[in-house]
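Before any questions on binding or motion, here is one chain by itself as C-alpha cells, the form predicted on its own.
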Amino acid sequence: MSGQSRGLLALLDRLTRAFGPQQWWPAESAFEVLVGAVLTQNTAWRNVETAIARLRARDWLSPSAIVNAPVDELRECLRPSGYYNVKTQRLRAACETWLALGGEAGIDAMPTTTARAELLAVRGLGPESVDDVLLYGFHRPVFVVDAYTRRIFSRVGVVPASIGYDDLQAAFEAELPRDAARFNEAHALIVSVGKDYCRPRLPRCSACPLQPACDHGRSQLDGA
C-alpha cells in the first residue's frame, strides 16, 4: 500500500466519511474545558459530567468559587470523577493559576506558546490536558495527542509505537492544515474510532473504517 494512501490526511478523511462531523468539546466555556480536562484523567466522561453537574448545582463552576469552596465539600462534588482527593488538589491548583494569569481574558491575550508554558507549570496538568484547554477552550491550532492517537496510528503503521507526545503532535501539525477547527474534528474522530473499534484488547478490526489501510487489522483478519 502506498505511503500516500496511508498518510494521516487520507486516514482522517476515511474517518470523516465513516463518522461525519463530531463537533467537540462538550463544554460551555474555556474554564469548563479546563475543569473537564482535569477531571477526565483516568475516568469515563459520563463520570466527569456528573461531577460538573454537582459543581454547577452549587454555583461553584468558576475558578474563584472552587478556590474558596470548603475542601471537604469540594471533594464530595468531585467524587464521581474518581481519584477525587488528587483531583481536588489539581483542580484547585489549576484554578489558582487561572486566576493569577488574569482568567479567560488574560490567557486568551497570551501567545499560544506562552499560555501553554504557564499551564504546563501547574502540578498535575500534562501536555494532553493543557492542549485540550488550548484547542477546545481557546480555539488555538494545537493538536491534542492521546492514547487513542498513538495506538491507532502505530497499528496502522504510519508511526512507531514508541513515539513521544511532542513528536506525534508535530507529525500531525506538519501534515494537517494549521486550523483549530480541523484539529478539533481530527481528534474527535480519532476518539470515536479508538473507543468503538481500535480497542487495546479485542479490537473490532473487521468492522473498523480504517480497513484495509491498517497493518494490525489485516494481520488480525489474516490470522482469524
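Keep in mind that this is a model prediction, so the values were computed, not measured. Numbering starts at 1 and runs along the sequence shown.
Absent from the display: the form predicted in complex with the DNA. The rest refers to it.
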Since the chain is shown here on its own, which stretch among 93-101, 119-127, 134-142, 106-114 would lie within 4.5 Å of the DNA in the model of the complex, judged by heavy atoms?
119-127
Answer option from 169, 184, 47, 192, heavy atom within 4.5 Å of the DNA in the model of the complex
47
Even though the partner isn't displayed, in the model of the complex is residue 85 close enough to the DNA, meaning a heavy atom within 4.5 Å?
yes
Would you check, heavy atoms only and a 4.5 Å threshold, whether residue 42 touches the DNA in the model of the complex?
yes
Is there a non-hydrogen atom of residue 202 within 4.5 angstroms of a non-hydrogen atom of the DNA in the model of the complex?
yes
